[in-house]
Ligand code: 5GP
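Shown next as structure tokens: one chain only, the form predicted on its own.
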Amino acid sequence: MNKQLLSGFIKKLETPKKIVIIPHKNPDGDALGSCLALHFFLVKTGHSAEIISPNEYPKFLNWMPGQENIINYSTANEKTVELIEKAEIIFTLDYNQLNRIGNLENIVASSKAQKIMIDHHENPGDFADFKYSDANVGSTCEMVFELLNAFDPIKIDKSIATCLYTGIMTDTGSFRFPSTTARTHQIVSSLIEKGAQPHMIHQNIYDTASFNRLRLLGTALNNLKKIEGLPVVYITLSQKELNHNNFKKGDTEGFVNYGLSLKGVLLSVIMIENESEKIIKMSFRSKGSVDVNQFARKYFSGGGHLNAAGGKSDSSIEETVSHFIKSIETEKIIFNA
């Protein structure tokens, strides 16, 4: 982190402020972990801070320190609007386009508060007054650590360390994605020294699956298909299949990665039907130089990182599969890059 960026961050927080922290819609471990860690730190330094989530988050994250105080916009609209209207600073964490916060987009856009973006995705928007953006970092939690550690390392306690470790672990695929660097491990080492317990965090994230989630995984793997002649697999889950297995938010987390465990496969995608939003939600994962970020942007209104991205389709599952296969065949040169 450069000194100019740090000094700008410190200057904005040198006196107590009314602050709102907002993760992206359907927040994951990195989004929630970075928000909670920043919240703890800001309160310790004398600020009034609240976390507002655009909607509910997966139950496998409901053990995290401080999560019980998160305000859910979808169930507390009036309180949310009031807090944003009174805010002097709004932190936007783990996203770089305001459309990633759903119905909160216009409310935040019209706010007179200073907006501070902390994010590690490519192609950042220009809505923020202060921008800490680095697509070379594996998680937003790593970036938040760098800020807090440079600001006042003494204030990083066990709760903050636990939240940051959770986000780093989940967004780096338990430290196996290419974005994991020597610095990542140095940060993790520091967080463990501060009180984070890796075995406990891992168990809370990965070893608390419900019976229905495992049944749904079985359905997903049964639907796994490979594109003939290409190192590509895809998984589909219909709304009917989700309902049959009593789907809960977060149940499909990580399913797409199973495709990449197949020998020789370089790209895996999962397509999940969402009848209420009338879309097919898509998650892309790849290996090496296969750029799913650009692929998702070009064909499925999405984006993210080189090896991990999201997207969506307004068509049926059958039509989405057909479009995906045609798009892959059009772009098959990416497997020879």
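Residue indices: 1-based, along the sequence shown. The structure presented is a predicted model; accordingly, all values stated were derived computationally and were not measured.
The same protein also exists as the form predicted in complex with the ligand; that form is not shown, yet it is the one meant from here on.
Though the ligand is absent from this view, in the predicted complex it lies within 4.5 Å of a heavy atom of just one residue from K194, R213, K131, R100, which is R100. Listed residues P54, G303, G66, P58 were compared with the ligand in the predicted complex; G303 is the one with a heavy atom within 4.5 Å. Mapping the unseen interface onto this chain, L32 falls outside it, with no heavy atom inside 4.5 Å of the ligand in the predicted complex.
Contact between H121 and the ligand in the predicted complex is found at the 4.5 Å heavy atom cutoff.
When the ligand is considered in the predicted complex, R285 lines it closely, a heavy atom lying within 4.5 Å.
The ligand is not drawn, but in the predicted complex it has no heavy atom within 4.5 Å of V269. Residues with any non-hydrogen atom within 4.5 angstroms of the ligand in the predicted complex fall in just one of 45-53, 66-74, 305-313, 32-40: 305-313.
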